[in-house]
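What follows is one chain in structure tokens, specifically the form predicted alone.
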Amino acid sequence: MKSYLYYPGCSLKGTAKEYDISVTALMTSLGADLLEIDDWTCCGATAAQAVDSGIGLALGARNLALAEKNSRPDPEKEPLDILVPCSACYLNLKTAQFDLEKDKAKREGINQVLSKENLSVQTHLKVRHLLDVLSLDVDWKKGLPFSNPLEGIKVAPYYGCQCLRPFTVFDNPESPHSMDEMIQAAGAQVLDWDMGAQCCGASNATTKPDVGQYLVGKILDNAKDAHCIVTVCPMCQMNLETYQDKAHPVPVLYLPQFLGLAMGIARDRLGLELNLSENVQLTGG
């Protein structure tokens, strides 16, 4: 497997450390090298865009410029893609890239600001979500080393909003299925449900908690026939784990944790002890 520039974002260095730990363990086991972008900063999440869209754009542009600066460790090879596990970070970087590509004047203005750090952005790198990389760059039919197949486990794949919309890149935003092949390759079954692309209401959790809890409750209740929910978004994971008492409780794992278990990677290398929801029955431990 090839090398990638790695943009973990703030969540994976704080509240979602287990996501960062499991991404690193899984990608290493798959033979990929992750080169963390030097001196990256927060993407602004949703807060920066809401307060000042210019600041949101500048934060994304600076991270893209840093990635471009580090994108060609081997001058003889093609520049590396940027791998982003957090769906909010992915959306912000994609949005910044899109805005700077279509508006030359805006790009020139941003580059004037970035020049104070001897940086510039050309927007030529591919910004890719972890799910994009796993679903398109790995041949799951090839017979990967699943030494601990999770037979008898039924999984509700949960994608959330931001890795699918508005940029349609690697899956159908209304009816996503990119996780199916991986889950089945791990020996498990996929729950037939229609909540995988529904919003969990993470941004409502503090401002309109009744709305957020209602949306989370719908997802958890619809997953009641599954042994676990598997997701690729730190905000979705935190929201679904936090409100387990508001509906039918279902363990929530990150996709790299789930796949790592099936590959026989040790629990501590997947950060499973940091999850809030119960997952012992999935590991036999």
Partner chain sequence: MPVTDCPEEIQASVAKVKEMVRSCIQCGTCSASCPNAEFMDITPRQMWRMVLTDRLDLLFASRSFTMCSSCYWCTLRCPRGLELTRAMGELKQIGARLKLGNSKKSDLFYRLFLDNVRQYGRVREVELMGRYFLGMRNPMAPLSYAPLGISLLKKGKIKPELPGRGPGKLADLFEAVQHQEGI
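Residue numbers count along the first chain shown, from 1. Predicted model only: the values in this text are computed from it and were never measured.
The discussion below concerns the form predicted in complex with its partner chain, not included here.
For the candidate set 70, 29, 222, 49, a heavy atom within 4.5 Å of its partner chain in the predicted complex is found for exactly one residue, namely 49.
This chain lacks the partner; the member of 95, 178, 120, 123 within 4.5 angstroms of its partner chain in the predicted complex by a non-hydrogen atom is 95. For the marked spot (17, 161 and 208), a heavy atom within 4.5 Å of its partner chain in the predicted complex is present in each of the three residues. Listed stretches are 139-147, 123-131, 182-190, 200-208; the contact stretch with its partner chain in the predicted complex is 200-208, by a heavy atom cutoff of 4.5 Å. Contact check for residue 65: no non-hydrogen atom falls within 4.5 Å of its partner chain in the predicted complex.
Although the partner is absent here, residue 45 lies within 4.5 Å of its partner chain in the predicted complex, judged by heavy atoms. Remark: residue 10 counts among the residues lining its partner chain in the predicted complex, judged by a heavy atom distance of 4.5 Å or less. Looking at residue 103, you'd find every heavy atom of it more than 4.5 angstroms from its partner chain in the predicted complex. For the stretch 50-64, the set of residues having any non-hydrogen atom within 4.5 angstroms of its partner chain in the predicted complex comprises 50, 51, 52, 53, 54, 55, 58, 59, 62, in sequence order.
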